[in-house]
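Read the single chain below, which is given as structure tokens and is the form predicted on its own.
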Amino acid sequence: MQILERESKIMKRYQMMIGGKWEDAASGEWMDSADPFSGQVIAQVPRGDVADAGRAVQAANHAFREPAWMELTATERGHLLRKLGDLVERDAVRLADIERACNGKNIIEVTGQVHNVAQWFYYYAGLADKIHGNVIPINKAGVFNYVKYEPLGVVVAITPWNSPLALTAWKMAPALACGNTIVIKPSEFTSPPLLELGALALEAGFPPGVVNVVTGYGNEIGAALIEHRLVAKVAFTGGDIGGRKVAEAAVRHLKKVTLELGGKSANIVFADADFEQAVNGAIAGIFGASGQTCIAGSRLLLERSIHDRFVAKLIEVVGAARIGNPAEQSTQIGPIATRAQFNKILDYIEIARKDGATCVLGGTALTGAQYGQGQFIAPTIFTGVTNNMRIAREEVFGPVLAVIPFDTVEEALKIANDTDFGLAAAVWTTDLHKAIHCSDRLEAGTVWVNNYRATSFTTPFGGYKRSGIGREGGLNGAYEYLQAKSVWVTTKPQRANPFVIG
């Protein structure tokens, strides 16, 4: 990796990590990474293409079959993952600042996320040698049968810009724990933190080619990775449209996929809920990370008797939020990560107005010296929303909340489930029966009761409907990177008709 002078600013020029070596793109071209707050170019990364994809997959496939990796015991793989976790923990502040500079996420939140990345590596380090096979009590005499679990081979991980380190660890940790090799393709906006993570994997002692990081645009290198004949699995996090394209490309080649896609999550607040706790949960659900998270509680369903009071409190608290430089510890809401996303959010705000929703807070871009280059959108709340409006049906991925009233439990559930997505939902109530009833009925992969946005490496995460395929986290997440092999051993040879299968 090189340091170069550009416009009197010192920045870093990265190289891709392929087969344990740092390499430029075959084309010799570069892409800029810019700080969404200041607009300043902070790094350059290679603009990879089909040739680079091929080299990375070949390197990963070679490493998968080499004794240096293939003959490691599961316990030894776990030791490497633990070492990687230690290095992430050691460099957490530095990694967090690099990610913050690439996507504008608040430094407090991203620092916490990076510490949690280390925990993901620790968890799967411990799990690596605890994935057991089975002895099957087979229904045939003189035969011993057992099932073992083996790695798939080369895994391609394609990750987005909103939480690049965390969402890569969700894939990388179980994939490596299970004995696979991996090629990571970050978003073109947030490649630097993942190139830094690749460097830490080398420092931890992973054999060359076990971890590879290539950079570039999705249509130029991502598609080539997905379609490469030596890739066994694709793990993708992103929007549902992108996920559908990934799935279509993968299924043409009969590859396994894990897709963690978008959401339009319902945050349901009943009149008997702890009012202050529910207000805080509603705010965290949509305005945390400036709404740029797949699990955002973008539909707030309020029981009608508390609707006006609840909205008034939201306006009061959110209207006083500290908005500005994400590098400052006091900032609560930062910029939108990319200019394209900024424009998309503003378009949705205008769509909501045209559809008849009432904007009671925000609804505009923010300008001024405290907002850097101006890639900020005021936290926005719409009331008078019906569930057939586009603002209630389509993922905005920004700080925009749609408030929908309801009168009964069954009406709330009907509204919540009337969506193409099913990633997450939340219920706020002090009634245990109601909480369990709603949790059972909600069509979502994660349901929170009296909390929001809690996640853990110990439990599965994923979506129903168009929100994805497969699960990440916990033991479920490990099995996404394994395949079962059934082994039959004759213990008592028998003379039988060779033309009849027993």
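Since this is a predicted model, take the numbers as computed values, not measurements. Residue indices: 1-based, along the sequence shown.
What comes next is about the form predicted in complex with a small molecule, which does not appear here.
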Partner contact check in the model of the complex: of 136-144, 161-169, 360-368, 277-285, the stretch with a heavy atom within 4.5 Å of the small molecule is 161-169
task = Report yes if all three of Y217, G239 and L423 come within 4.5 Å of the small molecule in the model of the complex by some heavy atom, otherwise no.
result = yes
Interface check vs the small molecule in the model of the complex: of L127, L261, I98, A201, the one with a heavy atom inside 4.5 Å is L261
In this chain shown alone, the residue from K255, K245, H79, H307 with a heavy atom within 4.5 Å of the small molecule in the model of the complex is K245
| message | Does any part of E188 reach within 4.5 Å of the small molecule in the model of the complex? Heavy atoms only, please. | response | yes
**Request:** Verify the contact flag for F397: yes if a non-hydrogen atom of it lies within 4.5 Å of a non-hydrogen atom of the small molecule in the model of the complex, no if not.
**Result:** yes
- Is G222 close enough to the small molecule in the model of the complex to count, meaning some heavy atom within 4.5 Å? yes
Is there any non-hydrogen atom of F64 lying within 4.5 Å of the small molecule in the model of the complex? no
